[in-house]
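This document starts with two versions of one protein chain, written out as structure tokens and named structure 1 and structure 2.
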Structure 1
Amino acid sequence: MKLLKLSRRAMLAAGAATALALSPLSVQAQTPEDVLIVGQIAEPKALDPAAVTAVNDFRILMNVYDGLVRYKDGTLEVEPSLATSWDISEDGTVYTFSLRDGVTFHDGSAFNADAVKFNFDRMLDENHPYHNTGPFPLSFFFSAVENVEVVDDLTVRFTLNAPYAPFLSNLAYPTGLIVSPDAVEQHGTEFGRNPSGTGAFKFAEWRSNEAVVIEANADYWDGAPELQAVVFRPITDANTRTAEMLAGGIDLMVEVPPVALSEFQGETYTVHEQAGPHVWFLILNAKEGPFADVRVRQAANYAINKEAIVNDVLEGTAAVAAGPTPPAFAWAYNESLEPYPYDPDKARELLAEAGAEGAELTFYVTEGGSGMLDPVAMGTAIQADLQAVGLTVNIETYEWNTFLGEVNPGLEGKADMAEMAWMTNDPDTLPFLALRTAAWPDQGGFNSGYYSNPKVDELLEAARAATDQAERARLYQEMQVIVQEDAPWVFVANWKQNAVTSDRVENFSLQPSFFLLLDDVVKN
């Protein structure tokens, strides 16, 4: 009896609550002034720059931390940041940095040479007391560093074990961002949730799966930011992210799904676009199966209608890729390279020559992943194109991490082709890790398709040791020609990263590095 009475009352209450909630009074308030709300694609893993790998996390980190150097606005060239200047020894193995004076971390501790040494030792020295705050998956960026010395309070010296041209560029990468040693000592493994840097914004709050809030650092050495605060909201579902943007719940949205771009054509929104150092390609198994024959690999490059993929599937959010190096590395890119044209007849011809008509291929596709654009749709479109020239393609889709677990150890015995995308900060990284003979999976590299060309190996080694940028550029450009001809991959697309801002946001621009730099952004 009691139960019934109770439930009747509860029902009334619930009804009233529902009625209240349903009344259109609760129209959403606009987002507050001077607080920029950013729709992110995922929850950050941690706010420890040494521990993360995802662009998503970098977007926050770049605003909280500074590195010794940074990319010049709108380019991928380095300029001073926490280091005001540097010297490189003749042989390219000793780098000496002069540090900026008077910079403090958000926690109040001072930035100095000791802090720099702490940062790199933490990552590189297995015996460092805070090495256990890792793992540090990208520490190999600095694997050339032999040791870090404190010369004086504001001078620090890096000694490399061999000349390593990408070193400065790597320092500008988030992995090279400088964290507060005090904060690491204080929080230990929890540092990733209690970050402290020297950047334009201070970490304020992290509400699990709701928001990461950073607030303006009034004492920023490069001038206090315009915004009071930035809120990063993880919204994994692209559709929900779009809906939030349309409903006014966020001010800035990155990685707009191509199909949704048309929604943001009006006055109220600004669509930003920026080509970056990204290449989307198909790894072809050059060790066995039909793709062992270079003609079949070239045929695949001819058969796939990249124009259609880039313009239709990706709605123009990418450009057709010509070779292994993205054009964003302007100085290293070979302008004379022309992409493989869409020529199914040529493809059929080549297949006939190679006797590979009707071959059956296994194609690894991922469901999504960092920089993978729209991998299922693209994979399906590619499958259809290859089908059209007489290749039977069976798709197997995998979740991203599983996918990496399948692809990185090599395709041998499993698949003929796999999707892959890389975003790098230096023209060296991708070819060095994924095209050299010494980078076959069994030797710890990412050359999952077993491509091997001694000439390419030689060019890459030489480029890495060269300290002169013009010389490096020449070597890379030569490499690109050879690789394009050898077609170890199908070169598909270079992503033009996009973002949408509402009309209240000003002074926002995307960077070729794909980082999100918000210190100059204004919100009205």
Structure 2
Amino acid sequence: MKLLKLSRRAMLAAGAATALALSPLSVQAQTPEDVLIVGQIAEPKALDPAAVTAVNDFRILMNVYDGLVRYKDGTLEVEPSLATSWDISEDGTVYTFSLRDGVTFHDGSAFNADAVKFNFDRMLDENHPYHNTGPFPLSFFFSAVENVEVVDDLTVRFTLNAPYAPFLSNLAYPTGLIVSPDAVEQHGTEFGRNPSGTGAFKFAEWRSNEAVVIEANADYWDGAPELQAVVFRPITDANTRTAEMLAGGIDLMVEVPPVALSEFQGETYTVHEQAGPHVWFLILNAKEGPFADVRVRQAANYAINKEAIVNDVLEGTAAVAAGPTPPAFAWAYNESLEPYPYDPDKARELLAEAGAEGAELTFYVTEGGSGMLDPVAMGTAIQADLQAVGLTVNIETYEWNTFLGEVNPGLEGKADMAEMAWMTNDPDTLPFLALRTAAWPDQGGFNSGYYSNPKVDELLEAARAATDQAERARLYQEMQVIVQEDAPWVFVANWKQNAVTSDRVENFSLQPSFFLLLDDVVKN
């Protein structure tokens, strides 16, 4: 049976599951063998890895593309992928990669050093003929790259403008995935709807608001996948996603609402959990409005009962966050930091000192999105806590991609606070992209609250250039102390990601990277 017919059959089965979920019958729908149906939290924005930022999109992309390196299974350690080996110069500024021979893109074109150079020049060189296929919001990851040189067909050399400790780790991140130059040249700005990589699965079709379908790459250099196809269905409402899983319309559900976990006990399902580098926080507008005063930002941290959110809203699936760096980065995490305690009296005192009693706040909340846990319930709880100390909080709720379109360009003139979650690969990533002065939105970063502290800028620049991990750790730990005191965010929770699979799915495991790797998954 052809893939298209299989995917249509899978969608029909999922539709039947919805009907069953709404009926008194307990019989489950049966999705096809060897076709995995994944319940995603949202429609992807694009399938161009250089042009997106959300883990929701990355979960698809990591199965379609490869990078020069990848994370070793179950870790955030880097191992070879499209590069078989590499050498680093003594001063840490030159990386020379030997490339895997005989690899082709899904469109039949050859993977080689020219393709690697094309990918990075497209992102980093404003004069590149295909730079207009962006924007490339995470090109920050490779801002240290000064030059990419083709040594020969299977050797490529990166020259950096300074030592840059996260470079290899960033190459393993989706922004470093290698796309087909021929496909970019053919489709131009529509490449994100017509992807071509070298990964275990090939793009088949994208039916807007219905499904993204990928099929097995029988010629994959690392061995053909076990599945014939994967269908990613965007099901934004968590209750609907849960009902679909219970009815048998999907085989794998990501980001299970904490209140629904008890539904998946017993032999019919497997609940998977994996700690990872995640932080859920509130961006505070430090440029204008009440939160321009550090005392009001600190008051918000004291006012919100994060323990109650973690225990009651999130059902114990997270821990209270103490600062901007997740404890999963054990070597860089400052264990001396204690979370802001719940102290509404202290919050009221600080608000009085700042003359901010009764201030009115606009709060952006999303219906659901990458790593956002239970954002509406959390937003409502936060609203109640802030109102209990005398603030007036008006919630505006948005669909995920619309929410990003409102928040990422900055909160100035629009809102006082916004929910946000990041899952990162290196302790450099989140603070460098979202806390530096040079990362304000008008400079291409994600510092949507316009926080600025020259000492934090200095520490982050020094940490990414340090070649000694102990020195990097010291710098990051000092940064965490300052940021916690400045309170540009409300530090809420560090999440343990979860997913549930049906008893027909084998060989699935969650990764600390938060990506879905499906090439070894079996479905009977």
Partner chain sequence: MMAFLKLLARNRLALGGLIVMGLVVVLALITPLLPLADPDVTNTAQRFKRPFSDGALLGTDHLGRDLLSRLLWGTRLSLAVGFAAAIIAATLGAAIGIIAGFYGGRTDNIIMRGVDMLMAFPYILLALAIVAALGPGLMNALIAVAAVNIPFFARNIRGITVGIAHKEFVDAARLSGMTDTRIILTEVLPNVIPVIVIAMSTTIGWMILETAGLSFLGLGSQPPQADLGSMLGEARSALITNPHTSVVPGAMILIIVMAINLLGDGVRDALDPRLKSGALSRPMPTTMVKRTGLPPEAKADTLLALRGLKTQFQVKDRIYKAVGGVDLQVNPGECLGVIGESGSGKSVTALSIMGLVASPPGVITGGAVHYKGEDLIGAPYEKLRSLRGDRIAYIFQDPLATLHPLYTVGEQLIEAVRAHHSIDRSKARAHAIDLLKSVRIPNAEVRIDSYPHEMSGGMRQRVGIAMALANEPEVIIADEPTTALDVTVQAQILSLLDDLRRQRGLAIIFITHDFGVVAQLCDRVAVMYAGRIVEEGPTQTVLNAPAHPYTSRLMACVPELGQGRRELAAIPGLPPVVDKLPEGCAFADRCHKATDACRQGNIELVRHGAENMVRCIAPETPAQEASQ
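If you're wondering where the values come from, they're calculated on a predicted model, not measured in any experiment. C-alpha atoms forming the largest set that superposes within 1.5 Å between two forms make up the rigid core. For numbering, take structure 1's sequence and count from 1.
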Worksheet item: Which of the two shown corresponds to the form predicted alone?
Response: 2
Practice prompt. Could you check how many degrees the smaller rigid part rotates against the larger between the two structures?
Written response: 24
Item to complete: Keeping the rigid core fixed, work out how far the Cα of Y342 travels between the two structures, to one decimal in Å.
Response: 8.2
Worksheet item: Relative to the superposed core, what is the Cα shift for A322 between the two structures, in Å?
Response: 5.5
